[in-house]
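Just one chain is shown here, as structure tokens, and it is the form predicted alone.
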């Protein structure tokens, strides 16, 4: 009996990071594949639904390469094992992604942005394009936009030998379930969010907070109100070096203003944020967003980050101060596909109620769709 070769989400990510040429056979149905897939710079895809392999049709094997290893991906890992056995019986070299897209959706990897007077760690959840942060100084930590897998943050804090004292959500997220309230409960940390997001949990209002001290008295995280994506969107500035922009400014563009059903109104607010608040920030400040939409937003160090001046230069919409053309363009984002299940996710994030893990996984399936504009 042959032993099925397995690859973990972490191992797959390592290969993607190295830029290895991979061939992925995705055996989910066509709709799921087109909506959400594993992507990388040198990845070749082929989608053949699982049920096709149950038929005696040898033509489905024509496009599967026989001279390289095939990584088989399904929803949860079961179907891919069967497909690998089927391929091996025909002398193909194949392995299957352990846990399928479920395991990929729950994989995080930390990258150190900088380790100077303050250490900043970016946690990337590649399946969702979600980013969160840990800011560390003198044994204390602040966490920005934690996702629901709170053990990831507890684990990093333990490895760094720090205590999590503060947790902030930049806004009420629509594409994934926040871990903020639960992480605060487990660690005893303070939880912050803007009061206009109407959270039904215990919190400290960011709109009434001048700064948050992290360890060293010289390390202050300053909340900067940057509404537009939502009315209570907040960015977090650390000196003149870093600005964690939530879903307001991405490496590739701006956050969409339509998820609250008030695209025209919130587009006006986003215009004010871009041309009155962000325009006052220096070009050399490093933007650290809470999402990314494309692999080319990851730099050579493996970090999703870019200087604000570069982002401005790459996005004409951030340089054109004409209010009407700006608001017309971003309001048009209401016509684009919205994040899956976003209304239920927002409701759950506002209420802070616990969600069954299986239900949470179901709600979060699919990519984030928080950007309204990307530069060339």
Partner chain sequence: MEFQALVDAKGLACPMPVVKAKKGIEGLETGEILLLETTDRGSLKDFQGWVKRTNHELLKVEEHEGFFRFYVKKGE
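Positions refer to the first chain, counted from 1. None of these values were measured; they are calculated from a predicted model.
What comes next is about the form predicted in complex with the partner chain, which does not appear here.
Student: Just one of 314, 42, 341, 52 has a heavy atom within 4.5 angstroms of the partner chain in the predicted complex, so which one?
Tutor: Only one listed residue qualifies here, and that residue is 52.
Student: Work out which of 332, 310, 60, 46 lies within 4.5 Å of the partner chain in the predicted complex, going by heavy atoms.
Tutor: The residue from 332, 310, 60, 46 that makes the contact is 60.
Student: In the predicted complex, does each of 31, 78 and 362 have a heavy atom within 4.5 Å of the partner chain?
Tutor: Yes, the whole trio is in contact, each within 4.5 Å by some heavy atom.
Student: Find out whether any non-hydrogen atom of residue 104 is located within 4.5 angstroms of the partner chain in the predicted complex, and reply yes or no.
Tutor: No.
Student: Is residue 82 close enough to touch the partner chain in the predicted complex, meaning at least one heavy atom pair within 4.5 Å?
Tutor: Contact with the partner chain, yes.
Student: Heavy atoms within 4.5 Å of the partner chain in the predicted complex: which stretch among 342-350, 324-332, 52-60, 65-73?
Tutor: One stretch meets the cut-off, namely 52-60.
Student: Could you list the residues in 186-214 that come within 4.5 Å of the partner chain in the predicted complex, counting only heavy atoms and keeping sequence order?
Tutor: Counting only heavy atoms within 4.5 Å of the partner chain in the predicted complex, no residue of 186-214 makes contact.
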